[in-house]
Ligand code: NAD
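Only one chain is given next, in structure tokens, and it is the form predicted alone.
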């Protein structure tokens, strides 16, 4: 069997949940957990290994940064968590300082692809590019993959359709300035505006805004109720890893460095991108309406202001 090694840096709630989901998926033959607290990582590894008889064979163990060597993918979930009432951008200085420490330790061992999950993910993806000096194709932020999934779920629930048949994107910042691309929503190949005409429910502008606000504020609600988000992001990460390890050429709204995308340059944000074994092979220029372009540019400006406020 070909070796498929995934290293996870950060064994907190997101890192541990992702490790569990990855183990169940059977995608990786080797999973290594790296954490500031080796004891916590050891506890997770013991727990995961006790379930190996129920899943496909894999080797799961505690490691250090040297175990990033020969990894197909390193997934970085390390960093300070988002507190109730705190925005993702509020985390920026604390987590940038953490990344200045850990990114050089990771890239010293030349893993193939880095996936950044810690928040604010767009700013930290940009920081990782600068700190690692990796090509842009090999540094991927989890971006709005989860936001897009939330959007599709809520639209499916509203319209009474399986969310797997809802095609829609959230682009821009993974955060308060993100943008819903209503112009490109389709349900089973039927444009959303046309679908509304045959749907039994009315869909007013107010209802559309309510759906989007639920998407944008979902993390705040989950954090308020249970302290952290972990299950859905764990599954979103499995989806990104799957596209890489299986060389699927899947279109995912990951965070990547953009240059001259609707006059936006030198910032990381989420747009639809084709992801395969080499990382991001290309980005897609979807047909945004003028109002959506303006919102995306505003989102980019929010991120640029934050990037300019930190030293990388």
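Remember, predicted model here, so these are calculated numbers, not experimental data. Residue numbers count along the first chain shown, from 1.
Omitted here: the form predicted together with the named molecule. The next part is about that form.
For the residues 128, 95, 72, 148, the 4.5 Å heavy atom test against the named molecule in the predicted complex is passed only by 95. Under a 4.5 angstroms non-hydrogen atom cutoff, the named molecule in the predicted complex lacks residue 22 among its neighbouring residues. The named molecule is not shown here, but in the predicted complex it comes within 4.5 Å of a heavy atom of residue 121.
At the 4.5 Å threshold, heavy atoms of residue 228 reach the named molecule in the predicted complex. Heavy atoms of residue 209 never reach within 4.5 Å of the named molecule in the predicted complex, leaving it off the interface. For the three residues 35, 82 and 174, a heavy atom within 4.5 Å of the named molecule turns up in the predicted complex in every case.
With the partner omitted here, the stretch from 252 to 260, 275 to 283, 53 to 61, 35 to 43 that lies within 4.5 Å of the named molecule by heavy atoms in the predicted complex is 35 to 43. In the predicted complex, the residues of 56 to 78 lying within 4.5 Å of the named molecule by at least one heavy atom are, in order, 65, 77, 78.
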